[in-house]
Each structure stands twice: as C-alpha cells, then as structure tokens.
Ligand SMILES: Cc1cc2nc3c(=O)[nH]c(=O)nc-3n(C[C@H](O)[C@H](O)[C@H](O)COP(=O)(O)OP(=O)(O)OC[C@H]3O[C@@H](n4cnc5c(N)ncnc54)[C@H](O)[C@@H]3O)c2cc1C
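A single chain, nothing else alongside it, follows as structure tokens in the form predicted on its own.
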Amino acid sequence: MLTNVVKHGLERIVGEANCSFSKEELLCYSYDATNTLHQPDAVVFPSGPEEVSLVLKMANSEGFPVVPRGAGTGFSGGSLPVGGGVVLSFERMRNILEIDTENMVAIVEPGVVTWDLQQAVEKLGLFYPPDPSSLKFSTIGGNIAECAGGPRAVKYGVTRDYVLGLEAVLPTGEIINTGVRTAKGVVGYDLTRLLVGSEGTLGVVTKAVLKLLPLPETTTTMLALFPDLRDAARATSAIIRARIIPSTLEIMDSVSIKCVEGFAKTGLPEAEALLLIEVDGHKAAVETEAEAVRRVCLENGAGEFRTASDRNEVKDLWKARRAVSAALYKARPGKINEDIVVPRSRIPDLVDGLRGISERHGVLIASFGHAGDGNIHVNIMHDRKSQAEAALAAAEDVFRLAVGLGGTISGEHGVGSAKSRYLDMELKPDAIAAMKRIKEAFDPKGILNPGKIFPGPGPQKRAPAGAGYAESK
C-alpha cells in the first residue's frame, strides 16, 4: 500500500487529474490478455520524461514498484503489477512528433498506436513493417518492450530492426538518449538494442526514433489449401528454398479454420490446413514470385490455390487470420497459447510432436501463426476443469519439444511473469546470472517492473487454469 505522503507526491508530479487511486479505475489497469488480475495501488498518466523521472526517483526513495504500461495487450504478463505499486500509463503521450520523409525516420511517443503510425507514414509513401495482431490497439512503447513481431517478420524482421534510437528513463530516474537517427552508428555500447525487448525492466521508453522503408508498389495475397498439416509445413520450407521471401507466410490448422469460420463468417473453405501468403514489391517481381509460390504449393500437395481478386477478399482473409485467437474459444472454454519458434525446416517435426503431446495428455491442440519464420502459436484447448492440469503439463511438453528442435519457448510474446519458471529450460545458468547482473546494475533497488523474466524465490506457478495466452505479435 502507498502512504499518503507518496500519494500526495504523485499528485504533485503529474497533477491530481492525472493520478488515480479509485478501485474502479485501478481495476482497468490490473490485467492483460493472460486474464490474470494484479491490482496496482495507483495509476499515473505522465506527460513527458521529466514526470516519469520524478516518479521513479520517488519510487527509489520510498520503495514502491513501478510498472510501465501501454495498451495492456501483452500475453505474458509483462505489464501486470504483480507486486502492486504504481502503473505508468502512457495515454497522454500519443504524439507522432516527426515524420522525416527525406531520411525515412519517424519520432514518436510511446503511447502511439501501431496502426495509427502505419497509416500516417503510408500517406507519405513510407512503410513501418512491424505488424503484431494487436496492431490496431497495441502501442509503440509496448511493441518495443516486447520486441513485437507479426506476420511480416518473415521478410521485414521485428521491432528491434526498426528502432534506431530511444529516449528512456532509467530505473534510478536518469533520462538518457541512446542510438542515432542515422543509418549507421557504433559509438559505445548498443543500449538501444539492450532496452528493446527488455520488457520494461531496464528502462521506461519515452520517445523512439524509428526507421521507415519505402512503401511497396504492390502486394498479391494468395490462399493455399492442403489435405494435411504436414503438407502445408513442407510447402512452407519449399517456398523459402525456392529463394522466395514472402512478406507474409501464415499457417492455420483445421481446428483454427473451423473455429474462425464459425466465429467470423469470412467464407474460409474447409481444409485440414491452409497457408495465407503475400508477396510484395515491384509489380513485375511480384507477378513472378506469385506464380512461383503457386507452383511450389501445388507441387507440395495443395489441393486448391487461389489469388485474392480484390481488396475486399484480401480484407476478409486477414480478418479471418486475425480472428483465430478469439475464435478458438468456440472449441473449448480454456486456452493456453504459447508462441514457440523452431527452424522452418523442423516445422513438420513440430507438427508430429504436437500430435503426440495432444494424444498423450488428452487435450485438443490447435496451431496457427507465422510459418514463414517458424513462429507457431500452439493453442492447448481444455475444459477448464478436468483437463486443466493436463493442459499445463502439455504446455511444458510443448516448450521441451521446441527447445529440442533447436527453437525457443517465446518468439514474440516475451517471458513476463507467465513463462519465468521455464527460463532455465532454454538458458544456461551463467547466461541467466549475467542477465541478472545487468538488471541489478540498471535497477539496484529492483523497483522497475519486478517479478518479470526471472523466477522469484519459492515455487513458481502458472496463471490460473483457463488463462488465455492469446496472440499479440
């Protein structure tokens, strides 16, 4: 609980109108998409780095936790105030400060919604590629904290590839600037890369310099239907082997397809699996690549292949893809969604392994996601009662499978509080110890977003049965 001295201090820093202690408002900042509740003691809405700095300096002197929060769309518990304290919400810092068309950079505040930035730069013939499924809600600050990806990552990379520099407030209150706004820069340690993906544990981003690209001339969207999920997985690898790098290469299994069609009514045909594929660039190159994709899919067992004929069909296909996570609740009331990654060539082995896990634990497993870069969202569906423990055991087996195939337990959701107990499944003790030393150097009193990434003392438990680790990246 915060003392009255702290409460009055927070009000002086951001103004009474920009600080709340009411239970009703605090509830709105107590959860994310994990469906796990951790209520803060206060929420403050800073207007700039100076106010963030003062809050953090007070936290160090008074000993309360501070948790940065964007839109709360994360799916690993990264923005949850697990130890109470103060939530820093960036709803007042939503300005696109500059779009430099000549040098192709944008400077934005952390509360800018990803979609809004994309629409603003596209009007000027520019392109900001990172596209998490929550892009119409999630913020740039949250994307930076989690190093968000998305369907276009197969060709264009993830958020870290577009962050040139940052203004950030360290846990001890110092305001620093990292990186550059130029194409190159190698002066000193790369603090920008260190902060990106650190899940709000090493600093609070208050401004970002982002790289932009020229907007592709044209895009072609295609749909390939397969009689078996392994065929779709093999086609994925074959497309890349053919030296084609699609801008998106998404996969959905039969459970996902059926649930989406029942949920969104987008006209998806019945199939055991599908690939949603896009190629973009200059028109002539796109035509050549689209034909090559068609040929590869048919050679690898596609029973049907179609090219979207107009913008409405493209819109419907992507509406279906982005609706998968929510639609899966039609299959079972409980869902655990894990965002594992394996090498593309091992996706067929992943498919076989997941079938074995499903049979062994008696739970339904649905898979979809970014096949082009091996990032598959594995959804373990259960009844929230008799199958809940089996679902948790299945999730652990999914992690072991991913690591055993040369992959990782998280491609874009982060570790947060949801996966911290599994950190040593992937990382060796010396690597974890080095990371902890970095955290201690930046945050000696442990006030910034505590309880994230590293497991705490005592037994660690997953979120309550039925918590939905749904797709955000």
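Quick note: we count residues from 1 along the sequence shown, nothing fancier. From a predicted model like this one, the values you see are computed outputs, not experimental measurements.
Another form, the form predicted in complex with the ligand, is not on view; read the next lines as being about it.
Have a look at 439, 38, 69, 419 for me and say which one sits with a heavy atom within 4.5 Å of the ligand in the predicted complex.
Of the listed residues, the single hit is 69.
Identify, from the list 402, 205, 273, 376, the residue with a heavy atom within 4.5 Å of the ligand in the predicted complex.
Among 402, 205, 273, 376, a heavy atom within 4.5 Å of the ligand in the predicted complex occurs only for 205.
Only one of 71 to 79, 233 to 241, 308 to 316, 340 to 348 has heavy atoms within 4.5 Å of the ligand in the predicted complex; I'd like to know which.
Going through the listed ranges, the match is 71 to 79.
Does residue 110 reach the ligand in the predicted complex, with heavy atoms at most 4.5 Å apart?
Yes, residue 110 sits close enough to the ligand in the predicted complex that at least one of its heavy atoms falls within 4.5 Å.
Answer for residue 137 alone: is it within 4.5 Å of the ligand in the predicted complex, judged on heavy atom distances?
Contact with the ligand, yes.
With the partner left out of view, is residue 90 within 4.5 angstroms of the ligand in the predicted complex by any non-hydrogen atom?
Because a heavy atom of residue 90 falls inside 4.5 Å of the ligand in the predicted complex, the answer is yes.
Using heavy atoms and a 4.5 Å limit, would one call residue 199 a contact residue for the ligand in the predicted complex?
It does: once the ligand is placed as it appears in the predicted complex, residue 199 has a heavy atom within 4.5 Å of it.
Is any part of 23 to 38 within 4.5 angstroms of the ligand in the predicted complex by a non-hydrogen atom, and which residues would that be?
Going through 23 to 38 in order - heavy atoms within 4.5 Å of the ligand in the predicted complex - there is one hit, 33.
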